[in-house]
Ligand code: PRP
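The chain that follows stands alone, in the form predicted on its own, written as structure tokens.
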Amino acid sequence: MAIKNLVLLDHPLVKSYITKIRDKNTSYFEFRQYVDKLSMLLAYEAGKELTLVPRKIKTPLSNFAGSQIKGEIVLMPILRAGLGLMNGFAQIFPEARISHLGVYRNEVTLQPIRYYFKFPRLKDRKNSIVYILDPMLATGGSMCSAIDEAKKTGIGKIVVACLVAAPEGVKEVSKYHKDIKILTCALDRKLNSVGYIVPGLGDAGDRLFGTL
């Protein structure tokens, strides 16, 4: 599936950890552990989207012409499953600000319904970046809704990060938001008749929080 703005992580650890979280016999505790590891690997790749500016400092021995990240970083998990990616991203981006977006999918129409949105105050939104976090990119409806909300803030750059994506969801985001890059650890075969990703990993939120 060749889509310009899709980045599929190709790393032995990613493939191994994805297999772990797909396994229905993996416990809640192990599931969370491997999601943390995957989210860190995903965050590391996502860091390539950052822009640097020069910064002069003094080491204990001399002057040094270094670099620093331009603007601010905002992490926007889509509640509730998106919280599962927060730990890994926050470790890679410890100074990031946190936004929260509550969206749930109508199980009949599969359409997204927003119920909460909070975005931090930034000094320079045009030079800042927001990473929208959600383990699963299924139909793409919730993600498109999240991107719409993020764009309303005037943020300069938006990047989507997920663990598993369906072709239908990738196409939906690419159709309405051609400027948005999508990073994922796996691109699966399809959606089933009720909008679940196949082979997928089940309900990510339930498996993260033990609410099956």
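A residue's number is simply how far along the shown sequence it sits, counting from 1. Everything numeric here is computed off the predicted structure, so don't read it as measured data.
This next part talks about the form predicted in complex with the ligand, which is not shown.
- Remark: D23 does not count among the residues lining the ligand in the predicted bound form, judged by a heavy atom distance of 4.5 Å or less.
- In the predicted bound form, the ligand sits within 4.5 Å of a heavy atom of L137.
- The ligand in the predicted bound form is not approached by L122, whose heavy atoms all lie more than 4.5 angstroms from it.
- The ligand is not shown here, but in the predicted bound form it comes within 4.5 Å of a heavy atom of I78.
- For the three marked residues, R105, G141 and D203, a heavy atom of each sits within 4.5 Å of the ligand in the predicted bound form.
- With the ligand omitted here, the record of contacts in the predicted bound form names 97-105 of 97-105, 84-92, 124-132, 68-76, defined by a heavy atom within 4.5 Å.
- Counting a residue when any of its non-hydrogen atoms is within 4.5 Å of the ligand in the predicted bound form, there are no hits in 20-38.
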